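Just the one chain here, the form predicted on its own, laid out as structure tokens.
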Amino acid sequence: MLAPMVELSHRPLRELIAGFGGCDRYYTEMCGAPAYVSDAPYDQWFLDTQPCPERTAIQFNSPDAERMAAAVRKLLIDRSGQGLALGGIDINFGCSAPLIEKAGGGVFWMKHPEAAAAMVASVRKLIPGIVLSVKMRLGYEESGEALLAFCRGLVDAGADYLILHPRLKDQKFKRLGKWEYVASLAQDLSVPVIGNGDIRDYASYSKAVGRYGAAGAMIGREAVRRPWIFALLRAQERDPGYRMQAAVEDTGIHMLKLIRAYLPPSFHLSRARRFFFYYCDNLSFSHHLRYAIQNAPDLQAIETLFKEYFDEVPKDRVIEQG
């Protein structure tokens, strides 16, 4: 699965991944339910589920159950005349960004298990025929008993599957997540449990679904660094020794075209900078180009910088990975 990532899990990235064969399930970036209910101007791009609407889940965050339910009702009305399939709705109980958490959204809900379950139940009633998932963290304190109780409440309320990013609210990415909690939930719950975080290659993917028993793996930043990673993992499931050639220059240029085609001009620079911050990791001399792109004034300047890099380092145009 492609993870929901702010300023990254937009249509251009999904289009790019789909060009390599796609993944099993995509997520949109997080959309604020209060903003959507208030007709915020940019929500049409946050809620764009193309190019695979039937396999794309929309993620909502809300500080209260009332506006979450209102957002879901509005979504159903807005989509009713479009004829577009909806791959699912996800409720965010995992975002630890200070502004979100202090407003009572994201991971803050893990302090209030009964209210969180009630929110899930209210959404479940509105979408009886649509897949409903919940994405979360370990919470504020490490407690397997509390986590299991929280998750059982969500399952009883009607969640079809759960996604666990096995880090506490304040834990960053420098340390590996505590995947033993994914294993515990996978064993004790009656619904599938997806593991999120630390999936960077076939070995870590195999450990997630093999050793820890996750029903699937959700990949975030590594899918930005290597949009072909889903294709690579799929091939390595068949042949662990498989190696592929990735056209790094062509893929980067194509991403700029997709950003121009599918996002409003006011998004162009910020989304391109975010993408190339991670994508430049594929390059032998990434630091200088990454810094230059973060300070580029527009998309054309980014494209020029990117092309000039390969004029100087042509061997990086196509790389082999396994």
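Nothing here was measured: the structure is a model prediction, and the numbers come from that model. A residue's number is simply how far along the shown sequence it sits, counting from 1.
The form predicted in complex with a small molecule exists for this protein as well; it is not shown, and the discussion that follows is about that form.
Across the options 65-73, 271-279, 284-292, 255-263, residues that bring heavy atoms within 4.5 Å of the small molecule in the predicted complex belong to 271-279. Site residues R14, D43 and I89 are none of them in contact with the small molecule in the predicted complex, judged by any heavy atom within 4.5 Å.
Taking the partner from elsewhere, M5 is found to have a heavy atom lying within 4.5 Å of the small molecule in the predicted complex. Remark: A57 does not count among the residues lining the small molecule in the predicted complex, judged by a heavy atom distance of 4.5 Å or less. In the predicted complex, the small molecule lies within 4.5 Å of some heavy atom of R221. In the predicted complex, the small molecule stays beyond 4.5 Å of every heavy atom belonging to L47. Residue G197 is the only one of P227, G197, G139, G105 with a heavy atom lying within 4.5 Å of the small molecule in the predicted complex.
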